[in-house]
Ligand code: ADP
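Form predicted alone, single chain, as C-alpha cells, below.
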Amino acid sequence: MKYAMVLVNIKGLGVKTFSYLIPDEMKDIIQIGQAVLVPFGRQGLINAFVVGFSDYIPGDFRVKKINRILDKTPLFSLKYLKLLEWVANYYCTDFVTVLNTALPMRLIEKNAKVELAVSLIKEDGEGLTKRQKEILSLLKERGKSSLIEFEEIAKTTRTTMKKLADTGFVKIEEEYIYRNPLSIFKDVPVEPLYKLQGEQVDAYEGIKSKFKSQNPILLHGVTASGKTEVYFKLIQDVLDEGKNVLFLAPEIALASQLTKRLARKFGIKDVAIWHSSIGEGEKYDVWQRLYKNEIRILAGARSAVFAPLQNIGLIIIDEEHEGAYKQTNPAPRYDARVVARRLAQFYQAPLILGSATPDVSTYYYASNNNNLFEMKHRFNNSPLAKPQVINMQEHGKAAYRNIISKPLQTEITETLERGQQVILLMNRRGYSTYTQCKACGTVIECPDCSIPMIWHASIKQLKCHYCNKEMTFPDYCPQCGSDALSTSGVGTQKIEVLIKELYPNARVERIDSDILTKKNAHIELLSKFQRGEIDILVGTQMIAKGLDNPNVTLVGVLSADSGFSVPDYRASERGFQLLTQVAGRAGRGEFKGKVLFQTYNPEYYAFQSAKSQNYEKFFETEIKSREEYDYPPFSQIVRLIISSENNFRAEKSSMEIAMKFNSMTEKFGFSEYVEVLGPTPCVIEKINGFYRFQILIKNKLSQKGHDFISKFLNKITMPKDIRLAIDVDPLDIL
C-alpha cells in the first residue's frame, strides 16, 4: 500500500486518522499497531500509531512521509483498538486519554527521543544542544558514532551512560536488558495441581457448563473454601485447549502473591506479571512478549486488563468486590471489571468473578442469570471463626489508652504464648486522625482541602491524605491563639506504638501505604509474616484479603463500626465486606481461629450480618434498600464533579449544567427514567484548593439512557477556570 492511516497522540481528535506516505524502505516492514514518528504541523515530530493502509487519498494533497518506525513489534491489533474505543465511549472521555493509559507511552516517548537524536547525529550534530555536542564530540574522539556503539559505551561506564540517558540519546541500561519480573520467584519448584474435592468439584463442573454463557459467572465461596484451586483446574483446561488466561487481583501485593502461586503450578516460562510498579523497561518487554503470544498466563492488578494478551480463553477476577479495580483519578475513570466484561465478549471467553463477599450488583445479576455457584464450607470442613463482639460502651473505660480492650489483650497474650500469630486491623493511616483545640473546639484542617490534617508521629508532621500537604504541628490555635492543642483519634501508627508498649517482647510490624515506598516492600513484609518472623501484624484494609497464613489464629478489629458511618450508599456494603474478609484470615490451618470486633454500635444490621458471617442475610436487607431508592443494580450512576478555585463559579456552573440536562430529559420524555440529583456541595467540599459540587444522574434506561447521557456530556464546553470530572459507575459519592 502507498499510504498509512495513523492515529496521532494529540487529545481532542478522538479516533480521527491522518494519511502519511510510506517511504520505500518501510513498505516491507510497516504493520498495523506499530508506533511511528510523523511530522504534524507546528508540533514537529510526534508519536502516532498505524491503524490501516490505502492506495489513494481523496483530494489533491501534498502528503508528508512517515519519519521512522519507533519499534518493529506492533503494540496492538485492530481488535485491541476497538476495545479502547469502547472504553473511551463508555467512560465519556477522550480516546487519546485511554490510549495513554493503556500503552507504555513513557517508553515509546523515550524511543522517540532516541530516534530523533540518531537522525540529528547522522547530520553531524546539526540541531544538538551545546551539552549534547560536547558528549557527541567526546564519543567521536573514541571513534563511536552510531546508536549501537553508544549502547556499548553506556554499558562500559556508568557515568557516560547516565549522561547519555539524561540527554535523551539512549535508554537507561536496565531498560535494554530484559529482566523477567518473576525473577524473585526463580527458586520456586513446580508442583502438580491439587485434586478437587466436595464442593470444589461441584463448582468446577457447574462453571464449565456455563463456559458458553455471555454473562459473567460468579463463584461465591466463603474464605478458605478453596476457590483458587478451582481456578487453577479451569486454567489448566484452557491451556490444554491452546488458549491463554488473564487473572486479575485487586492490589499489587495480592497480584504478586498470586503470580508466585501460578509460577509454582504452571512454571515461570509461561507466566508474567503486570502492574503499575514494574519498571517501564520490564513492562515494555512483557508487552512485546504478550503481542508475540509468548505468554500463556498474565496475572496483575487492574491495569493488566489493557495488556495485549493474545487468544484469550478465560478471564478470572478474584476478590471481585474490591474497590481497587476502579480507577478514580485521573481519567479515564475505568473499572477493570467492566472492561474485562467487554474484553470477554470480544474473545467470546468466559469471565469468572470470585469472592466471599461479592458486590451486591454482581450477586444480583448472577443469581438472576442462573450463573451463581456457591461454596459454603471451608476446605476440609474446618470451621469458620465466629466473631466475638466487644461492646466498647462497656469495655472502653478499662481498655488500654481507651483503645485496646481487656478481652482483646487477653486473647493476644494467649495467642503469643502458643507461638501463633495475630492480625490487628485499623482502617486509618497515621498516628491520630485529627488535631483539635480544647479551648475553642477548632479542628486543624488542610488549608487546601476541607478535611482534618492527620498527625504522623514517624515523620513528626501533620499530613493531608488527599493532597499530601505536610505541615509542622502548630504552637498555637490559629482561631483563638490558645496552646491547648491535642491530637485525637487513632491510626495504624498509634496502634503499632501501643502494641509494642503492651508486648515489648513481640515482633510487631505495620503494613499500610505509608511504609510501602520501596519496590517490592509489600512482598518482603508479607513473606516475613508468612515465615513466622512477625508475631503481630498491624495494618489497614490491605491485610484483610489474600493472606493465607495457617499460623494466624487471632484477628482483632479495633474500630469495627467506623466504615458504616460514611455518608455513601455503599458504606454498609463496604463495611460488611471488610469485616467478613478480615475475619476469614483467622484459623485457616489446623488451629482454630478467633475473631474479635470492638464496636460502639453492635446492633447495626450490616454489623450483625458480618458477626454471623451471613452474606445472604446482608444481601436481602441491602437489596431492598437499593431498590427503594433506585441505586445500583436498579440504576446506573453517573457522577459529575464541577470544581473551581472560586466557590461561586463552581456552584453557578453546576446549576447551569443541571438545568440544561433537566430540560433535555423533559424534552425527550426521559424524566421518569433518567433522574438528576443536585447540584449539591460534595461531602468533602474542597480538595487541593478547588471547591467541589456534584450532580448525580440515575440512569434506569440501560444502554439507551447511557447513550443519551453521553451525547449530552460530549457537548459540554467548560470555561478555563472550571473543571468537569465525569465518573461513570462511581466507587463512592464523597
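A residue's number is simply how far along the shown sequence it sits, counting from 1. None of the values given here were measured: they were computed from a predicted structure.
Not on display, but discussed next: the form predicted together with adenosine-5'-diphosphate (ADP).
Asks: Taking adenosine-5'-diphosphate (ADP) as it sits in the predicted complex, is Thr223 near enough to touch it, meaning that at least one heavy atom pair lies within 4.5 angstroms?
Replies: The answer is yes: Thr223 has a heavy atom within 4.5 Å of adenosine-5'-diphosphate (ADP).
Asks: If you check in the predicted complex, is Tyr194 within 4.5 Å of adenosine-5'-diphosphate (ADP), heavy atoms only?
Replies: Heavy-atom contact with adenosine-5'-diphosphate (ADP) at 4.5 Å: present for Tyr194.
Asks: Does Arg261 reach adenosine-5'-diphosphate (ADP) in the predicted complex if we count a contact as any heavy atom within 4.5 Å?
Replies: Within the cut-off, so yes.
Asks: Please tell me whether any heavy atom belonging to Arg296 falls inside 4.5 Å of a heavy atom of adenosine-5'-diphosphate (ADP), as the geometry stands in the predicted complex.
Replies: Outside the cut-off, so no.
Asks: Can you pick the stretch from 345 to 353, 452 to 460, 215 to 223, 527 to 535 whose heavy atoms fall within 4.5 Å of adenosine-5'-diphosphate (ADP) in the predicted complex?
Replies: Comparing against adenosine-5'-diphosphate (ADP) in the predicted complex, the contact stretch is 215 to 223.
Asks: adenosine-5'-diphosphate (ADP) isn't shown here, but in the predicted complex which of Arg574, Lys494, Arg588, Arg302 has a heavy atom within 4.5 Å of it?
Replies: None of the others qualify; the residue that does is Arg588.
Asks: Out of Lys227, Lys283, Arg337, Arg428, which one falls within 4.5 Å of adenosine-5'-diphosphate (ADP) in the predicted complex, going by heavy atoms?
Replies: Contact with adenosine-5'-diphosphate (ADP) in the predicted complex is made by Lys227 alone.
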